[in-house]
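Below you will find one chain, with nothing else, as structure tokens; this is the form predicted alone, and questions on how it binds or moves follow later.
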Amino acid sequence: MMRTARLSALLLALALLAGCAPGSREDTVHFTAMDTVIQLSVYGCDHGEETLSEARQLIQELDGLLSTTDEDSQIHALNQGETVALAQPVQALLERALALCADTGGAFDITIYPVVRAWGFTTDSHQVPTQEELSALLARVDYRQVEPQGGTLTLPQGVELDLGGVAKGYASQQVAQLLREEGVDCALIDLGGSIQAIGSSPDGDPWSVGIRDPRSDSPEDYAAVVRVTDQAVVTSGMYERYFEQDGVRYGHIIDPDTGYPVDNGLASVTVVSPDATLADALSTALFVMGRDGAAQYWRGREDFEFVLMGEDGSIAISEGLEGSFSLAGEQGSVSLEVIRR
């Protein structure tokens, strides 16, 4: 589930400054962590700079624990075959991630890392693996092989983890908790496009978050806008990380069953939920499931909504977004379907 650049520029908060109440104080910080550019903004807080400094430190600490490439991280140590006494954030996220793997029937699988690496998406040295290579690697892919014992974990030989499919959502959720504990009730957390809104925008209206048009090469072209309050908005799309070989385009979202990039007619999936960790994982899982599978899965839950954008330009939304979703720009000819329970 490696997603170092996947979320970059997929989403953009459109109302960061517009409509701010007169005299409302804004504090913003930009920095790089988790292989992406991060922006944190708080409004109306008289100790905003100090609070943002704490939030930045929290994200950097989580990055240091969860990175697959940092040789000092616990995930890197696990992937080298070491036995690791898990830090509390790692254990908490790992347990949540494994539960999501099980709940999605493996459509989301944190052990897919060796396959993603074989396609070159972790190094940008892209290649199409042979079927023999994929078959051998797929034998290692099964989240059920990951069994923490009393806060300690040793991975079976050949099994490797990547928590990147939930790490940004988890981090934004932890930052949101920190900000709320510091008395912040109006903020926007953008971890490389994984958006977490706290409260309403400074003018009291919902935050407006743009969803990129997957048919456009420009990250500034938006197909739709969703308005949210106290929710996370996370998108997965094939258009940010892909390569072409012999006239075929291969995207970075891998089906754990086949080992090949997903090819089911979807171009992007956006998940809206109060639970940022859930939204992060499901943006990938629903993509793997495809349109019908995503709709069926959604009908069995009540803790998220979705936007499915097809390669043919069609858009489908779950009925819970009817009052907060709108098409952007010249989208009058777009086929918009509302999926109901």
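Computed from a predicted model, the values in this text were never measured in an experiment. Residue numbers here begin at 1 and follow the sequence given.
There is another form of this protein, the form predicted in complex with adenosine-5'-diphosphate, and it is not shown here; the text below is about that form.
Checking 100 to 108, 204 to 212, 75 to 83, 130 to 138 against adenosine-5'-diphosphate in the model of the complex, the stretch whose residues place heavy atoms within 4.5 Å of it is 100 to 108. Every residue of the trio 112, 116 and 162 has some heavy atom no more than 4.5 Å from adenosine-5'-diphosphate in the model of the complex. adenosine-5'-diphosphate is not shown here, and in the model of the complex it never comes within 4.5 Å of any heavy atom of residue 270. Residue 236 belongs to the set of residues with a heavy atom inside 4.5 Å of adenosine-5'-diphosphate in the model of the complex. Taking the partner from elsewhere, residue 226 is found to have every heavy atom lying beyond 4.5 Å of adenosine-5'-diphosphate in the model of the complex. Among heavy atoms of residue 240, some come within 4.5 Å of adenosine-5'-diphosphate in the model of the complex.
Just one of 184, 90, 197, 254 comes within 4.5 Å of adenosine-5'-diphosphate in the model of the complex, counting any heavy atom, and that one is 254.
Scanning 288, 42, 66, 59 against adenosine-5'-diphosphate in the model of the complex with a 4.5 Å heavy atom cut-off leaves one residue, 288.
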